[in-house]
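What follows is one chain in structure tokens, specifically the form predicted alone.
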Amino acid sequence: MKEFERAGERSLLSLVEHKEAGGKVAGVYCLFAPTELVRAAGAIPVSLCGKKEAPISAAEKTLPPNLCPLIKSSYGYAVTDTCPYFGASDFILGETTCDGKKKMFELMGRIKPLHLMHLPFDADGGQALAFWVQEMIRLKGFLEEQTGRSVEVRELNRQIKLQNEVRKLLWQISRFSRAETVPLSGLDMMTVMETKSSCSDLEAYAVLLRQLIKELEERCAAGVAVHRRGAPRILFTGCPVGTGSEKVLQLIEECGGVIVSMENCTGIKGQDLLVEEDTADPLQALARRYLRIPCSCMTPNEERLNLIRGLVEDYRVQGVVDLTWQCCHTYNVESFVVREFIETRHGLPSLHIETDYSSSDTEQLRTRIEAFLELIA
């Protein structure tokens, strides 16, 4: 796991070398950013900071306090210039996944060149795919202008295969937790997944993932588990988490639960979705794949329930914890549908938690999580 923890430092060094050689770096925030297209244009995509509380006070000098902590933290890092990845970025890619982010990006665009991808609101609507393809074409033009390099079909298809391979490896790692003895904790899984977003060299990252798979195979063969016998098996869903905003994830494991799967954006959401390879029109293939990401910004969002249903059954889940950041309206409203689905369709208990990045409610949350796990046990 230490290799994954050090990956960020190695990535920053690689970004410096890349920029010294004349390359560009693209800062991204969301799963909807088609990183294959970014790399095919010769830029390296890196996930930008936005999971810690520290810069929020700086953001609140401009943004309203009743905005979700993810948006405020992201903007706070930008205005304080305290995120090394933001500092390294030559331009930013944003997406209209919510109104708060959409308006925040208008302000962020004053700091660095920013391209905003407009999402359709309905993934299955008749015009949604055609609209999203046009957004891919518009992004391609922006990238070519920023990097001075044309996106060639051959290179885009190569990047699609490489990204698909990484998704397959991550999906394979996540499947180890279907076993009776779970060999990787939720916090460690979060570290592995976070590395994906900041890794400058995807081929090197794939090597790391293959090494981890070998290690997990050995741990499983030896019967090594990260939890006590009979620990409640929990599916973690809702808003994304990461280093600095992992308090609920950490509390579940401290209280004796075992996270068998994380459905959120920093978990496996989208890792089972591959881009069709070797097509004559890879932009169409990218558009089809990215439009299927089951985000709460889509209405309706049946694919998220389909994904949850598969995870509940495959991982023999005994309870679901659904995390919503305060003022994240789409996930907050959707929590009702998720709870109804879990309790009526699967007959399982669920716990909805609404919180922010601060530690002020940690002990209150601990009490609620302890009671929830006792209910399951």
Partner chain sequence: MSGLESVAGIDIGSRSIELVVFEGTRQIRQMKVPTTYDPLAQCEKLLDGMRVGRVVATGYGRKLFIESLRGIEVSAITEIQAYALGARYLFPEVRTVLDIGGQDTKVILLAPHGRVAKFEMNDRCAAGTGKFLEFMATALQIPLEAFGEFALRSDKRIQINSMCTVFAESEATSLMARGERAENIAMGLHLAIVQRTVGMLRRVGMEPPLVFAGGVAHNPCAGKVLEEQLNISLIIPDHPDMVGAIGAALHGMAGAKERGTRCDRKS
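Numbering follows the first chain given and starts at 1. Note that the coordinates shown come from a computational prediction; the quantities given were computed from them, not determined experimentally.
Keep in mind that the form predicted together with the partner chain is not shown, yet the notes after this line are about it.
Student: Taking any heavy atom pair closer than or equal to 4.5 Å as contact, tell me whether Thr355 reaches the partner chain in the model of the complex.
Tutor: Although the partner chain is absent here, Thr355 would touch it in the model of the complex, with heavy atoms inside 4.5 Å.
Student: Spell out, yes or no, whether the shortest heavy atom distance between Gly109 and the partner chain in the model of the complex is within 4.5 Å.
Tutor: Flag for Gly109 set to no.
Student: Does Ala33 reach the partner chain in the model of the complex, with heavy atoms at most 4.5 Å apart?
Tutor: No - in the model of the complex, heavy atoms of Ala33 and the partner chain never come within 4.5 Å of each other.
Student: With the partner left out here, check for me: in the model of the complex, does some heavy atom of Cys255 sit within 4.5 Å of the partner chain?
Tutor: Contact with the partner chain, yes.
Student: Heavy atoms within 4.5 Å of the partner chain in the model of the complex: which stretch in 78-86, 297-305, 246-254, 130-138 meets that?
Tutor: Going through the listed ranges, the match is 246-254.
Student: Going by the partner chain in the model of the complex, which residues of 357-377 come within 4.5 Å of it through any heavy atom?
Tutor: In sequence order, Ser358, Ser360, Asp361, Glu363, Gln364, Arg366, Thr367, Arg368, Glu370, Ala371, Phe372, Leu373, Glu374, Leu375, Ile376, Ala377 come within 4.5 Å of the partner.
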